[in-house]
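Before any questions on how it binds or moves, here is one chain, the form predicted alone, in structure tokens.
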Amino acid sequence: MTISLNTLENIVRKAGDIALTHFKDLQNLEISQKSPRDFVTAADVAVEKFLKTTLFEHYPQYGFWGEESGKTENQSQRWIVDPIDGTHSFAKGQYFWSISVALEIEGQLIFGAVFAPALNDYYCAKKGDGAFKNGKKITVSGETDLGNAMIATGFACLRAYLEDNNLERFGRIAQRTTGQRRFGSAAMDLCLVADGQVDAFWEQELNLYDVAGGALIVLEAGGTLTDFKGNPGIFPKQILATNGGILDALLTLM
């Protein structure tokens, strides 16, 4: 069964409508804690339930891995879903949160989609066909001078109370760059690299569902994905996405 970017977009945008319904009624939003610094809301659960059901109706041959419901059978060919990446931002009424969906077959990412419903920005990619934002092709920035670069990061490691908490690394890099941003959604951060709005993004201690959709979008936009030692690949526990032009300079500070 053929999958098209249009079909995937229709499904993800409908999931966005569900999320927005909750977002417009935050005073009644049900929120619980998975851990002291990790939240889940009724919106996360509703969006994931819709995506799991709808994707299976359209493509029953694929398994599913969602942040909230876990893994089904057939994980060699699977949808990887974060129903709301940036739940804390969502619950606070901020706009930088997103829905991330990827299709992985035998370890290879084939489709990626990241939708920011509050911003109405839809990013997508199909392996080998480039990356797009709201229907227009996008590419990473051409910046080659780290001193002029804008970089983004996050602190999932702080939520987990880890000793390697990214603060020292951030301090080193912040002093060598012009702009620093912390948006609160790794999926969105990756898309901003792909779109040239930031020149690099790194984070530690993420999960594959946080980054799978955005990772393919970065690669298809001409960017690089490595770990902190420069090994190419998708490493959620040490992910570094760049425009390529500042990769070597960043690696010396990692």
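Not measured: the values here are computed from a predicted model. Residue numbers run from 1 along the displayed sequence.
The protein also exists as the form predicted in complex with a small molecule; that form is not presented, and the subsequent description refers to it.
Chemist: Work out which of the listed stretches, 121-129, 102-110, 143-151, 177-185, brings a heavy atom within 4.5 angstroms of the small molecule in the predicted complex.
Modeler: Comparing against the small molecule in the predicted complex, the contact stretch is 177-185.
Chemist: Taking the shortest heavy atom distance, is Glu67 within 4.5 Å of the small molecule in the predicted complex?
Modeler: Flag for Glu67 set to yes.
Chemist: Residue-level contact is defined here as any heavy atom of the residue lying within 4.5 Å of the small molecule in the predicted complex; does Val45 satisfy this criterion?
Modeler: Although the small molecule is absent here, Val45 would stay clear of it in the predicted complex, with no heavy atoms inside 4.5 Å.
Chemist: Contact between Asn207 and the small molecule in the predicted complex at 4.5 Å, heavy atoms?
Modeler: Flag for Asn207 set to yes.
Chemist: Would Phe155 show up as a contact with the small molecule in the predicted complex if we use heavy atoms at 4.5 Å?
Modeler: Yes - in the predicted complex, heavy atoms of Phe155 and the small molecule come within 4.5 Å of each other.
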